[in-house]
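There is one chain below, alone, in structure tokens, taken in the form predicted alone.
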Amino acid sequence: MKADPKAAHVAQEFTHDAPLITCRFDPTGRFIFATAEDRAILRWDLATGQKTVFTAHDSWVGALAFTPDGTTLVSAGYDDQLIWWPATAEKPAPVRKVKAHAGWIRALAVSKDGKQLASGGNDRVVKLWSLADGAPVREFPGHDRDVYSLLFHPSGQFLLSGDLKGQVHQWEIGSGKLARKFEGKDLHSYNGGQQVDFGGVRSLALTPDSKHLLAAGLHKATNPLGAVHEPIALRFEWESGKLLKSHISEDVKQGVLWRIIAHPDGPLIGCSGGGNGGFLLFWAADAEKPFHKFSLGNTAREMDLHPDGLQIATAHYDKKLRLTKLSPKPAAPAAAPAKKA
């Protein structure tokens, strides 16, 4: 069944005791994981709804990543730590802890072959680790501002990192050298009156054919501290680095694109959250404005797409994780015929 964004509907909700921060499906699609402001990591079994709580971080957990087989989870905290976990254990406990950065860790990514883990955050350094044992492999210094997003190129040759100033760095993994930069200046603003650097590359994605790179965040930040800004995703041609298009949503006046995903069926999916609530935004590849906007009812902070391509998880400030399905609602069962007297 192909995904139908216009059939989007919230099919299920999971609740916790504190506002949620981020979320990810495990690679098998059996579980949805989330993090919360009480420093917990949460795992819900999609079939049963059973919740399991992971605790070990001393601060909020901002990013999650998995080995390709889904057996190992790595969490990144604002406590500077990376923690390895047995993802499916009945009573999960840390396997390994690594003091990884000086400051918040904001982003994680795993290479396609599952051998390498990348991390980045407020110390402006991207680091590469062995996913198997947590050993450091390489560092990529060079960002002028905090690192917000990471993405491995499926070729295995490059690692991409996006920062607060809207810069996307393309690194050669083998040599550690900077290959080139993608200029996403529309994703950054500086407000002199408020003395605020604002925006940044909040999410990176490649289209399924790897021909286009997507960088998402916010623009038109006329009042950063007042949360007046609009969501935007920039589409670059991979080969040339040329900016091809900006995907915008002018009627969302207080939104940030926290995550951008190129769906295998073609549409671009964005998760917007801010002062005017949460939305899933859907764009055609060649369109500036979304063809569909789906309201989620509360401020959304992150999103992930299930391996089946039909379910979207969103983490919300109202302490709920919502599961949206991109397929028609099942028909209500027909009423039984009335019995004759």
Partner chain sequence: MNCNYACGSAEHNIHRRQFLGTLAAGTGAVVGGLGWFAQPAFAEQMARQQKRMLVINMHGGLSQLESWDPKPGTATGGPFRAIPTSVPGIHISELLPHTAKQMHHLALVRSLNTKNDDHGKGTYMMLTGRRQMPGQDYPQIGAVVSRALDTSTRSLPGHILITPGGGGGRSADSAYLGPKYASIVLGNGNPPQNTSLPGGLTVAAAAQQDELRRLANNRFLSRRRTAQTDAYTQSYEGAQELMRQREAFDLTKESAKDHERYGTHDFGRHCLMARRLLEKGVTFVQISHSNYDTHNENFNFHFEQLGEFDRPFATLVQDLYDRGMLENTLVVVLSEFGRTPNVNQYYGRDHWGRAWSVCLGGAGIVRGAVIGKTNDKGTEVTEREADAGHLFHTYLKALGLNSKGHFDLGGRQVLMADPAVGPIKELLA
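On a predicted model such as this, the values are computed, not experimentally measured, just so you know. Residue numbers count along the first chain shown, from 1.
There is also a form predicted together with its partner chain; it is not shown, and the following applies to it.
Site residues 145, 225 and 274 are all in contact with its partner chain in the predicted bound form, judged by any heavy atom within 4.5 Å. Residue 258 belongs to the set of residues with a heavy atom inside 4.5 Å of its partner chain in the predicted bound form.
When contacts are judged by a 4.5 Å heavy atom cut-off, residue 80 counts as touching its partner chain in the predicted bound form. Remark: residue 130 does not count among the residues lining its partner chain in the predicted bound form, judged by a heavy atom distance of 4.5 Å or less.
Contact between residue 71 and its partner chain in the predicted bound form is not found at the 4.5 Å heavy atom cutoff. Here the chain stands by itself, but in the predicted bound form one stretch of 283-291, 23-31, 45-53, 58-66, 58-66, has heavy atoms within 4.5 Å of its partner chain.
194 is the sole member of 210, 246, 194, 157 with a non-hydrogen atom lying within 4.5 angstroms of its partner chain in the predicted bound form.
Shown without its partner, this chain lists 198, 84, 236, 152 as candidates; in the predicted bound form, only 198 has a non-hydrogen atom within 4.5 angstroms of its partner chain. Residues of 292-318 placing a heavy atom within 4.5 Å of its partner chain in the predicted bound form, in sequence order: 299, 301, 317.
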